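One chain is shown next in structure tokens, namely the form predicted on its own.
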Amino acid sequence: MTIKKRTLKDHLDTPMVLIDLDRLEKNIGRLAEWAKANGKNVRPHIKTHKVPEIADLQLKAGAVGITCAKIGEAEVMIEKSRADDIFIAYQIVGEEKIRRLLRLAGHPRLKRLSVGADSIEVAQPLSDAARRRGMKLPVIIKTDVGYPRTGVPSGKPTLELARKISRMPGLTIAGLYAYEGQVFEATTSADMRRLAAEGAGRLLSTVDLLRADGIPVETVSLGATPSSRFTVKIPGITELRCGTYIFNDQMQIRYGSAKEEDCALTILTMVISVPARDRAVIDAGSKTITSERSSEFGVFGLVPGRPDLCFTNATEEHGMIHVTSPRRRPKVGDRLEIIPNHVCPVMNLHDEVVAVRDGRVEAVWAVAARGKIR
């Protein structure tokens, strides 16, 4: 289907991913303004959107560069966006990936490529390969500040790793970074503020250890959308790596970092069956919107402005909507929009998205970094 510019969104085929441009631009601008007012850089994580045109909007708003999760994402962005300063916030392991990384680092348009590391086992092969090519690869050490995934423990373990990396001829230490995943344990705004402060405190005390040891630390980077409104005000943090903030989703609504009107991405879907007074069926199932957090939230997404409709179940091609007010139950052919529980995996399901303004199509964007898992 060829989608023409200025087409009314109500004339689009379904299911379809819609991006509200006014909301998107507002979300990008809000974080940019917060960062500028507090002396922070923004390096957004493009794994949320995977769209070069959106990365360009973030860069135009003042982002110093972008963050990628995988080399494949970075390869797409250097070719299709204006990004020339890329941080791959991931551990690059294996000869083939290291070869691709160093080839990307030598791209003529790229000003800077940095990469994460959290162990000698990750860092040493990077150094060896970079040294053989006569390169110095900037490394940002991943520090665990409370979320048990990757990362060397904060404090002395990070210092010990930094000492070893600082002696590696193919690497240079560019800073420390952490993921604030522990903030998702918060149940109140006060909890969120406390957890954000605790995580930042662990990272900053580790920075002090490195600097006291004579190891320069330029970048001090944190990333998590729900806590960004607190983290941005913490002195000593230099960079925010948020991703979900550009779209928001039901998860961000539940954590108090967004409202329905801040959600820039929705799934346009159509009612295809109303087999019972309390049930309607839409043409968006788990292949369209994923099942992420459905077990936790009890729903597969939020129907904005319709508290009487509850997206309770999904199979691959069908979404089941529980209707609590039969007098308002949808009819076959009605269109609904769904705010996903978690927007990032939704984007990875779709080849393209439609950008709309004032109810009309303004652009169709390819999700160019979709499926770049290596």
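In this text the structure is predicted, and so the values were computed from the model without any measurement. Note that residue numbering follows the sequence shown and begins at 1.
Heads up, the form predicted in complex with another copy of the chain isn't pictured, but that's what we're talking about next.
The putative spot formed by 281, 286 and 352 is fully lined by another copy of the chain in the model of the complex; each residue has a non-hydrogen atom within 4.5 angstroms of it. Contact with another copy of the chain in the model of the complex, defined as any heavy atom within 4.5 Å, is confined among 303-311, 26-34, 62-70, 322-330 to 62-70. Taking a 4.5 Å heavy atom cutoff to another copy of the chain in the model of the complex, the contact residue among 235, 134, 148, 108 is 148. Though the partner is left out of this view, residue 5 does not reach within 4.5 Å of another copy of the chain in the model of the complex, counting heavy atoms only. Another copy of the chain is not shown here, but in the model of the complex it comes within 4.5 Å of a heavy atom of residue 90.
Contact between residue 97 and another copy of the chain in the model of the complex is found at the 4.5 Å heavy atom cutoff. In the model of the complex, residue 168 stays away from another copy of the chain, with no heavy atom inside 4.5 Å. Within 4.5 angstroms of another copy of the chain in the model of the complex, the stretch 10-28 places a non-hydrogen atom from each of 13, 14, 15, 16, taken in sequence order.
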